[in-house]
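Quick heads-up: it's one chain on its own, the form predicted on its own, in structure tokens.
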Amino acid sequence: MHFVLQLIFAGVCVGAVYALIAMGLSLTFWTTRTLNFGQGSLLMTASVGTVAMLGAGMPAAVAVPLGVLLAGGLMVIAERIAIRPLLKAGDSMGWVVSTLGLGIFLQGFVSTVFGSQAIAFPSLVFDSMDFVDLAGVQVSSQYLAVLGLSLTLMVAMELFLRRSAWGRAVRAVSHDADAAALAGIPVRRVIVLSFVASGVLAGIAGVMVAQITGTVDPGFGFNLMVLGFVAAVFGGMGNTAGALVGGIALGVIEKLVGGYVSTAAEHGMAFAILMVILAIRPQGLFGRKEFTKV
């Protein structure tokens, strides 16, 4: 019984990170109806950048925020060179290829500068051997910290989107960008800030996962991006509650499969879930069907 509870708790914690990545993807989907399929490379870049700055002697209180802001800055570049020009082409889906290409470029750049081998990521707050006893179940302190931070960020972001002027502007642009512009909303600025926020969330997720795994390498973020995408589709693209439910459900299922079947089958379950959801309910658990007037 304790083994099952440990797997479920680990799944909830990892799923919360997937939900955070899904929320970042949703931010750009709201404002531009696009996704950055190079998001995984931003997770990796934030983690590698943090390790490099720590190795240069910077304190963690400086290195971690700078690494996260690096991801936010790279997201602005992605919007400017890989998405915006292609959106001007109308309904072109070229941004899928361009964002993937940018992600591959970042992987290659990091491999050239730091090598392709895994880099050790230091313990920032808790060590991997730190555990807390909860009702007789040994729970990793790192997992607890990741869960707490992920949930706090998601709640804060949801409140910000609902109650701040910027959040209302994001929703207005999501509903009708042209009408929002006529109402005086700076649509271009809103879009850029949504990409920055998406990159920051990706960077935070990357640092948290690197803290748990203990290593980071150039291919580190790809699986996380895919799992975040599956969580977003599972819960309903653009729905915060759906991202949270989808991420946690995906994390729990993965850990149970890994614990009772095979760890090699964990990520395969994500694709199986994606195919089932797309076949049965393409809009996701909490999503709504969209209709286009002609």
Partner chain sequence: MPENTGLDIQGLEVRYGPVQAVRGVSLRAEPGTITAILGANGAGKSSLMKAISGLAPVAAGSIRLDGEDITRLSPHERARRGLSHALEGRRLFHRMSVEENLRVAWDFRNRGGSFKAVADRVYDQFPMLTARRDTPAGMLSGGQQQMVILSAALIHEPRYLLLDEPSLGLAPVIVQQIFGFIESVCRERRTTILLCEQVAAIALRVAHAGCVLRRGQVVRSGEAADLAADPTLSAAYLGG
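Since the structure is predicted, the reported quantities are computational estimates derived from the model, not experimental observations. Positions refer to the first chain, counted from 1.
What follows is about the form predicted in complex with its partner chain, which we do not show.
(message) To verify the annotation, which of these, G73, P186, G214, G148, has a non-hydrogen atom within 4.5 Å of its partner chain in the predicted complex?
(response) Flagged contact: P186.
(message) Using a 4.5 Å heavy atom cut-off, which residue among A197, A169, I191, L124 comes into contact with its partner chain in the predicted complex?
(response) For this set of options, the contacting one is A169.
(message) Can you tell me which of 149 to 157, 204 to 212, 169 to 177, 115 to 123 lies within 4.5 Å of its partner chain in the predicted complex, counting heavy atoms only?
(response) Result of the contact check: 169 to 177.
(message) Does any part of A181 reach within 4.5 Å of its partner chain in the predicted complex? Heavy atoms only, please.
(response) The answer is yes: A181 has a heavy atom within 4.5 Å of its partner chain.
(message) Can you tell me whether A165 touches its partner chain? I mean in the predicted complex, with a 4.5 angstroms heavy atom cut-off.
(response) Yes.
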